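First, one chain by itself: the form predicted on its own, in structure tokens.
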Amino acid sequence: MSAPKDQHFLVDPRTVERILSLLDVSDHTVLEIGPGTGILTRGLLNHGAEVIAVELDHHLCTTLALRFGPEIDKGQLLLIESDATCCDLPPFEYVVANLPYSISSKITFRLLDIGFTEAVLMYQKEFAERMVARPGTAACGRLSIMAQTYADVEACFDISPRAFNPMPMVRSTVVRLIPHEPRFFITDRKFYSDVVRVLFSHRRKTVRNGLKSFGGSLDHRQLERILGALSADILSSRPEELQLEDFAVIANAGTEQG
């Protein structure tokens, strides 16, 4: 398996220090996804972290193993050649990474499922803007709702393309994630995720009509019970008009009938 073609390697030491100023990694275990050439890895080690670096590309792994041989021998760095979206991961506390654009969504949701203390992640600016878009606004989408259901999400600063090699065609944004339990009770988290996905797949439709597009996940009688349990305001709204609590109400209405 080859590395993602959209990987842009961070080369600016000032950006590394700015990223590492956002959290104290000293004496903590930090997961780094896609270390690339190792500039962020070096920064983490210099700041006293124990690093688990997961890199997909074999040639990069070989170079990293040579560059960080002493740290690997001392147990300060564990280098794993694998796909971070699906491989087994040792326990970790923090996550710091310059994520390849193509795996941003998949790895973010996986990390939220696994759990961590805090993460500082670099995304394409457009992706970061969707992640932090507030519920009830036109920019809100599935990513916004799912991320903010399970974490506090903060856009910290933008990074110029000149900080990377090769230079991307877009700007990047560093985002801080601090996980928390959902602030509104959710009976079934998988069903909640399904509800959010289906409604935003039909974001031009009202909630009532979006739920009718659920397909085989709901039988007719269950759907009618769900529709009967929801308020007229929720049913007549479009997904981007809803608050986090509304999505929990919709999902719980479905699971309570199970």
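What you see is a predicted model; the values in this text were computed from it and never measured. Start at 1 and count along the sequence shown; that's the residue number.
This protein has a second form, the form predicted together with S-adenosyl-L-homocysteine (SAH), left out of what is shown; the following refers to that one.
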Which of 131-139, 109-117, 75-83, 151-159 sits within 4.5 Å of S-adenosyl-L-homocysteine (SAH) in the model of the complex, heavy atom basis: 75-83
Among Ile250, Leu242, Leu10, Val25, which has at least one heavy atom within 4.5 Å of S-adenosyl-L-homocysteine (SAH) in the model of the complex? Leu10
Is Gly34 part of the interface with S-adenosyl-L-homocysteine (SAH) in the model of the complex - any heavy atom within 4.5 Å? yes
Can any non-hydrogen atom of Gln124 be found within 4.5 angstroms of S-adenosyl-L-homocysteine (SAH) in the model of the complex? no
Quick one: does Ile39 come within 4.5 Å of S-adenosyl-L-homocysteine (SAH) in the model of the complex, counting heavy atoms only? yes
Non-hydrogen atom contact Asp57 with S-adenosyl-L-homocysteine (SAH) in the model of the complex at 4.5 angstroms: yes
What residues in 138-173 sit within 4.5 Å of S-adenosyl-L-homocysteine (SAH) in the model of the complex, counting heavy atoms only? none
